[in-house]
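The chain below stands alone, shown as structure tokens; this is the form predicted alone.
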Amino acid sequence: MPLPTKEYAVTAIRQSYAVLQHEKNLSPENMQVTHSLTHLVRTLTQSHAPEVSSYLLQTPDLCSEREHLPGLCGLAECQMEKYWAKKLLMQKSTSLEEFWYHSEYCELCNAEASLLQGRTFDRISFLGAGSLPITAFLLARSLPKTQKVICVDNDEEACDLSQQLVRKLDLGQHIDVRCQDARHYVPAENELVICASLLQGHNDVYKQLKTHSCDLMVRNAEGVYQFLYKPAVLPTSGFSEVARTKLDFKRINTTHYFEQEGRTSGDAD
């Protein structure tokens, strides 16, 4: 299949913005929304080459889309996760692989694991976990030395759905779900904190975290994926960036790894 032209990508972005802007139901139950977003993600994935990405981000004709489309995509993503959480809970046998973006999350988590370079943590927390915390499920199964994975979100319905999935997947001994404002989360000693792409209030979160002993991962959006997510606000004090993943068409997000200034990170294997 030939790569989309710049004009084709512009049209896909405009069309998705028009659909999401006018539809009230942004969940997968609305097939127009699902088709539009699927087409947008596929087009952006094929348009990540630097010259195409620069053109799309700099063209004045897409100013409104770049400003407002990520917020609409975020609302749609939250609805999609709730839809899938309910769908998986209704099934007799829960198979996470059915989720549309399961392979993308696997790629993302594998890339993030490569940043750890022998570090181990007693606990990992995921701020902005949502109703379908695939990341937490993958971590609980792949990092047996981690005693607990903490899922934090301030959406009561999302937390309830997440907790039900944890029980159904028999991961209750490994995952705790906490309904609270991430800005007030207090990490334990030797903990890795992961900030989700849709997390709000980054600066307040960092201000809280830097008074405790922890390492930090922040998921970001770069290149054309800034039409799906707003670029993350990264810490400017208290933490030092020591590693990051590269932009890759197999995953939408890049990840920045930070160590707290003045401390040694998790114990090595």
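Small disclaimer: the values here were computed from a predicted structure and weren't measured. Counting begins at 1, following the sequence as shown.
One more form of this protein, predicted in complex with a small molecule, exists but is not displayed; see below.
Annotation: in the model of the complex, residues Ala129, Ala196 and Leu199 each come within 4.5 Å of the small molecule through at least one heavy atom. Interface residue among Lys168, His174, Arg183, His102, judged by heavy atoms within 4.5 Å of the small molecule in the model of the complex: Arg183.
Only one listed stretch (86-94, 160-168, 115-123, 130-138) carries heavy atoms within 4.5 Å of the small molecule in the model of the complex, and that stretch is 130-138. Taking non-hydrogen atoms only, Glu77 approaches the small molecule to within 4.5 angstroms in the model of the complex.
Gln147 falls outside the set of residues with a heavy atom inside 4.5 Å of the small molecule in the model of the complex. The small molecule in the model of the complex comes within 4.5 Å of a heavy atom belonging to Val152. Glu81 belongs to the set of residues with a heavy atom inside 4.5 Å of the small molecule in the model of the complex.
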